[in-house]
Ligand code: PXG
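What follows is a single chain, given as structure tokens, in the form predicted alone.
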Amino acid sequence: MAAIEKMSGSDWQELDKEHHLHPFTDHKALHKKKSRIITRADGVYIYDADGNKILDGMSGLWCVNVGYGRTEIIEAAAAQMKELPYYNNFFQCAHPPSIELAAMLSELSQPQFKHVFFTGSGSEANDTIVRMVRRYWDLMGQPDRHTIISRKNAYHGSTVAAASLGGMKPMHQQSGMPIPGIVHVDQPYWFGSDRSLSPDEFGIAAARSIEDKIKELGADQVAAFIGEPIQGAGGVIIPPETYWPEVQRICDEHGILLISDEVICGFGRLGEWFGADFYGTKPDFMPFAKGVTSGYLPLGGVMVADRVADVLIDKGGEFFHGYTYSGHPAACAVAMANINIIKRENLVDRVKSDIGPYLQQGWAKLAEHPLVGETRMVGLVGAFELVRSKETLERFEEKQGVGTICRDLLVDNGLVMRAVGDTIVCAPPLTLSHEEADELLEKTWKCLDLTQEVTAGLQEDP
């Protein structure tokens, strides 16, 4: 193999093709097209092996909240590696970074959260949720409370239990999921409905599909409801304002545990520390990952409310669950450095009152484009819907792949956003400047024009 410093972009592509199986990828299609090789990053930009500068409108994978190249985080990892590069939290052991981070997370979250269970990812956090929820009800003398209600098109990870919690049919069809004891109800996707109800009416109706399922199964059989405050990978589904208050009422009335999946929404993305704070819910669990370290090292976990933690501690005996890297010391050190940056630079409030409203205003204007049927954004996470007809909001046929066409044009023109079907989604770093927001919006409009040119022929197809 050639020396690394002499490797060209095509060299890397060939090596990648020969040895690397990518996540969530059609490998045959990728081998024909070849991968884009990302070699470095700084601020809100990534750079590929061909020297192209690309604005990262997706924060990596919804995670690089403080932007790239933060020396403080890198130094925190190096210092911890020198002091204690690894030790586990099994066998009645602990180390300062995991203890200190647990205390810090407790201070950031709602008063009911005083305990944290660490994992290595959001998927592992949601696998932990399944185990912990069911263990709680066993200890409460209600072992029949086994079923967890989730939502169609939700994403909670790709490990077996987490993917079962998710409601994405293609994932289930490939792997014999969901596992027993997990059921799915309607998502609060007003644009994807027949729009016969107002958004507020629709929000109530979507929430009450949870109550209908509880009544169908029997409340004594239902353990919990899990939902992302805003569904991310499902297409940035922002629920109507009526939705989450009604969900909270339903969980309270039926004694159901409420799980707020904060893997994407946590750590400032919505202009609050957590999505539960934004929507005013009082969850019993909050799985988290991604923004806790801004992706600089892998780390996840679950905030566990006193209602549950006290039972696990007082009645539980040994909880037979955990991971080799639960509370990894270097990852915890990175998380603390990351959170300190978010605090010091006041990024949560900046999203709420400065860059969030600024980008939202420009994002809303994209609705004037002939291809856009709806725009939506909260904090720094948003989406727009590509439509064949602006008047009727008729969608393109799935096989035409218009969302993918638009996404590829965006990347070719220096901007990463993501296509979920014909929904284009955006979640830039929280450090995005006004000038960078303008660049994001200008490139988006340009690529909508280019997409319109491509789709003109598709619209003429019989």
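Each residue number is its position in the shown sequence, starting from 1. Bear in mind the structure is a predicted one, so any value in this text is a computation, not a measurement.
The same protein also has a form predicted together with the named molecule, omitted here; what follows describes it.
Engineer: To test your reading of this chain, name the stretch in 251 to 259, 74 to 82, 117 to 125, 365 to 373 whose heavy atoms come within 4.5 Å of the named molecule in the predicted bound form.
Structural biologist: Flagged stretch: 117 to 125.
Engineer: Taking 4.5 Å between heavy atoms as the contact cutoff, choose which of I264, V292, V222, A333 touches the named molecule in the predicted bound form.
Structural biologist: Checking each option against the named molecule in the predicted bound form, the one that comes within 4.5 Å is I264.
Engineer: Would you mind picking the one in G157, G271, G167, P239 that has a heavy atom within 4.5 Å of the named molecule in the predicted bound form?
Structural biologist: Only one listed residue qualifies here, and that residue is G157.
Engineer: When the contact criterion is heavy atoms within 4.5 Å, does E228 count as touching the named molecule in the predicted bound form?
Structural biologist: Contact with the named molecule, yes.
Engineer: Can any non-hydrogen atom of Y68 be found within 4.5 angstroms of the named molecule in the predicted bound form?
Structural biologist: Close contact is absent here: in the predicted bound form, Y68 is far from the named molecule, nothing within 4.5 Å, heavy atoms only.
Engineer: Taking the shortest heavy atom distance, is I210 within 4.5 Å of the named molecule in the predicted bound form?
Structural biologist: It does not: once the named molecule is placed as it appears in the predicted bound form, I210 has no heavy atom within 4.5 Å of it.
Engineer: Using a 4.5 angstroms cut-off on non-hydrogen atoms, would R407 count as touching the named molecule in the predicted bound form?
Structural biologist: Close contact is absent here: in the predicted bound form, R407 is far from the named molecule, nothing within 4.5 Å, heavy atoms only.
Engineer: Could you list the residues in 33 to 65 that come within 4.5 Å of the named molecule in the predicted bound form, counting only heavy atoms and keeping sequence order?
Structural biologist: Heavy-atom contacts within 4.5 Å come from L61, W62.
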